[in-house]
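For this one, two forms of the same chain are given in structure tokens, first as structure 1 and then as structure 2.
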Structure 1
Amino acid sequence: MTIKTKLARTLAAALCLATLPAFAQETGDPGPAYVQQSLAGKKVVLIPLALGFDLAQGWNHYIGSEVRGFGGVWETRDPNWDTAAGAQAITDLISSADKPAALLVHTPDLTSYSKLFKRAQDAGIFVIQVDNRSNFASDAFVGSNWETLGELEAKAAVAACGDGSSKKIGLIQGDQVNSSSLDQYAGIAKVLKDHPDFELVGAPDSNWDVTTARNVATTLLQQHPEVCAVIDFWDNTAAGTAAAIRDAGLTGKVKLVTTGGGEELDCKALEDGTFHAVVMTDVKGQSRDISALLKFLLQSGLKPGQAKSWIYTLETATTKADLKPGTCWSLKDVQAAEAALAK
């Protein structure tokens, strides 16, 4: 503590003491009043790619409760995987009568929303990018480093195979368009470079579709029944890959590694051996990061665009051995809580 603040404190205390008889209820903590003044009634809007998947539901609940908790207004927009609809939602928010104080945007690609972010900041709105980055550095990015994610997946797969295995790995990619898909691939490639004895035997696309994932995984396993691990880029499509492994009668022999939002289904799949490892995005922690950042930005006196920061969520590859009660969060509970709130 510096001398200056000490002095200030003492002064404040003296001032409080002096006014104590008049304002008996004052505690002397300027915080609540300041928070009230800077945060109450501030509107925060979440625009995910779509609301209909676990991560978005998690953010909606965990960040939403924080925002409502500090007296802000919490809203969401649901573009349902449509970039143009998302862009329009952001545009409308920028020009709306009661402007939001901050936007939390889950961007679909590197460029589409960049101009809009600039406009939002010019209009005095903080922009926090969540989970997917764009090439515009807004006030903050909070989310996964997808390359790290890929590295973790690859490491988990290498570990799962072990030294005595065939050392052949199959890959079920997303669509080779999305940066999350491309970055994951880069991460995996990086790790495999360090393990030259491991071989990538096939890398078909699921196109983010579970049935396609199943079909391509079936063919992959058919052609290479000796693979020791398959990496799927998304737990959603991994359900199809898992079905293919099951169909091929290779359950337990072929280890499935994927990424996920850490929802209960992931833990269940780990529990029953469907997934060998899941690189989980810690939604609760991520939401807490975002909430803290929101509170900071709105109180900081900073203007949108003045500061930049990247906050990467800590990710870990979780296996069955790591499972503890509370490792996963429950979508059901979250939805029940939201439904109760709606009433």
Structure 2
Amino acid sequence: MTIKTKLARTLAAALCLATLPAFAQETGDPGPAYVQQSLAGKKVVLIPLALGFDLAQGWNHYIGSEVRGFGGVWETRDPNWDTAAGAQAITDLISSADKPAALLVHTPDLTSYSKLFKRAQDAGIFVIQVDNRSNFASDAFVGSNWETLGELEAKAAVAACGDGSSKKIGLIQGDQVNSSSLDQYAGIAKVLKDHPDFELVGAPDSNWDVTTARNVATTLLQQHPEVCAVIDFWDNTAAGTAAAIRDAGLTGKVKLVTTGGGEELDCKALEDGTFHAVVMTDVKGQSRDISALLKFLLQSGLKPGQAKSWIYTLETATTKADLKPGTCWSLKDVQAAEAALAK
């Protein structure tokens, strides 16, 4: 083989290599291994007020999907509205040989679980309070700034009354021990103080029961049929208040404002005029916040009790005019997805 032939072949080989695609080189990113080491196998437990309503089912699905996705273990405990049963569930988890890495708790009131939260942290368990806060500042609270939410409701009610002759507003509160109810009232009172021409004519408690809401709303409307708006502190009980407004023949005259988790029923109630406005607490958004917070805490090297965070959901008062595709999430879709997982 001549030197000229060898040179030609060498040149051809070089040209062929130059046309081959470049293969990606590993960058040495430590992230995936650290995430795997920090998160895989970590148990996270949700303890809502009860599992049988939209908020809890939404959190269970959206946060549970994230936890399972990062290789964690996801569990729930269902107190079914029984505070003592919820306390027992927390106690059992603290003393369990297989302790969770984190507890997500929907607290029933300001005091019942406070000492248990401290015990959980002392046992090495992160505690994130969801939606309702207690008077113990645990590792984090994720949910509404309920005073701000009350302000949004009150502003929506004042706007709904407009320039009409009536300036009377009624409230259907939750109770006198739950932070969401107490702080909501404080926010409403703050706005009405800036509108002295408006009068608060009644504020009975529903105790978070739809039948009780209907009964106390009926009484309020009988005593004050001239009210221009009623603010109910929860969309579930607002269904009872709406029934009372309908029974009194005041549909369209009395505007109903409430708060809710943004499930499809809220959008339907806005569309058909049952609700005038809903301040939506955004279950999907809260679930993303909680999932991100879990990932951070479990990787951070922090110990439970070393730091505190409050992550408030960004909210607005949504009316029929604001509705668009995707405004609300579907409980039916969530239930179908959970049923598929169970198979």
Partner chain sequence: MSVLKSGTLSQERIVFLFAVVLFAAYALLLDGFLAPNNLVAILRSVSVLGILAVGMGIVVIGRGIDLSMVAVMAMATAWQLAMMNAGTPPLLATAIVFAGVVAVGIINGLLIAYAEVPAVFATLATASFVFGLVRSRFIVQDAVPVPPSASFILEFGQARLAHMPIEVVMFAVAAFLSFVALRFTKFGRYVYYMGDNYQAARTMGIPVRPMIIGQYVVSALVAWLAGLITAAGLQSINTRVVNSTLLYDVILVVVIGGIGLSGGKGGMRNVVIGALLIGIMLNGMTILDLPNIYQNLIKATILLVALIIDSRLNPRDEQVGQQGDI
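The term rigid core refers to the maximal set of C-alpha atoms that superpose within 1.5 Å between the two forms. If you're wondering where the values come from, they're calculated on a predicted model, not measured in any experiment. Every residue number counts along structure 1's sequence, beginning with 1.
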Correct structure when looking for the form predicted on its own: 2
Did residue 258 shift 2 Å or more between structure 1 and structure 2, C-alpha, core superposed: no
Per-residue C-alpha change between structure 1 and structure 2, residue 156, threshold 2 Å, rigid core fit: no
Core-aligned CA displacement of residue 119 at least 2 Å between structure 1 and structure 2: no
Once the two forms are fitted on their core, CA shift of residue 225 between structure 1 and structure 2 in Å: 2.7
